[in-house]
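Quick heads-up: it's one chain on its own, the form predicted alone, in structure tokens.
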Amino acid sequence: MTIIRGATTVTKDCKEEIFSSVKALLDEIFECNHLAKGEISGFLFSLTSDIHSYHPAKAARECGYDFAPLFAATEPDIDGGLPLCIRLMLFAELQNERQIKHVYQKGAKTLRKDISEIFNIALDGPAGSGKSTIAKVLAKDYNILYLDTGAMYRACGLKALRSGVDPKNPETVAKMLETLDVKVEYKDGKQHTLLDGEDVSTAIRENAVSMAASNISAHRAVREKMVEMQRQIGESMSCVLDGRDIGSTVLPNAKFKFFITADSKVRAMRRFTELQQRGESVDFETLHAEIVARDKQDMEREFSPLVCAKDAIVVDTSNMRIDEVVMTIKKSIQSQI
């Protein structure tokens, strides 16, 4: 059983507006979720006590949504609650898997800004702090895009290989950027990377592309182009991004910013354990020295250095599990909505 939620408001308690608002809410829920009548088990409306003139369940029946049981209840009065509000829980037995979209219209958007408005979560921090893992969990929980910025650089590298452009040559790479067409789509809970209209999500994982991406990402022109594209994506859909300069440079206007950090020795131990589990032999002290050196390099680089944005919330993960970090971030987000 899948539950799809929705809500809307009316400006006055009258039949005409209640009817049109209920119809608009149901129409959008069915359209954006590609629902079929046979998939619906029932509708449950709730309405605030200031709505008397016309029943939302009756409005639903009269506008054509009469193919499943309709129930309704009046909500108790709550001080400071949203007035003239109609909420809906739609019960569905979906015949195929799909991403569900809950719909909040008109004044009801204030009830769930996290899903009714476009918002971005920026996670910055040093290597080994756990930000990528956390970003993926948040994206899944909020059903929004985890923007794998590395995939965009890989697509750029693939373009160079296909075009016969030397990824190390700044002049020819800059020329190639003039016609670079990279897009990101969010389908079936996954990011799909498109290059010149082709889905290259698999092709960009080849080793030759990895090397090309590493070389091509060193060019300032490429980084500026990628930042421009990432901003466009952030403006068009809700997403989570992680990196070194997301909150400070890529998405300075992101609604939610966090700086994920941890003691350098803790981060080194995480990496040490990960490599050991892969069967690789590594010296801990050497690994720790590399972590410290990378931090210094990231913080001192000329273009877009690692920095904690002034309005970011610092989360030290040294003594926290991933689920604890995620819960901390989600509580902070909820407090700001």
Ligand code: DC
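Owing to the predicted nature of the structure, the values given are computational and were not obtained by experimental measurement. We number the residues from 1 along the sequence you see.
There is another form of the same protein, the form predicted in complex with this ligand; it is not shown, and what comes next is about it.
- Contact here is defined as any heavy atom lying within 4.5 Å of this ligand in the predicted complex, and by that definition not a single one of 120, 136 and 231 is a contact residue.
- Although the partner is absent here, residue 256 sits far enough away that none of its heavy atoms falls within 4.5 Å of this ligand in the predicted complex.
- Heavy atoms of residue 205 reach within 4.5 Å of this ligand in the predicted complex, making it an interface residue.
- In the predicted complex, none of the heavy atoms of residue 27 sits within 4.5 Å of a heavy atom of this ligand.
- Within this chain, residue 58 is remote from the site of this ligand in the predicted complex, having no heavy atom within 4.5 Å.
- Between this ligand and the residues 238, 193, 217, 264, the one pair within 4.5 Å by heavy atoms in the predicted complex involves 217.
- Contact with this ligand, judged by heavy atoms within 4.5 Å in the predicted complex, is confined among 170-178, 91-99, 69-77, 243-251 to 243-251.
- Taking this ligand as it sits in the predicted complex, the stretch 291-306 comes within 4.5 angstroms of it through a non-hydrogen atom at 294, 298, 301.
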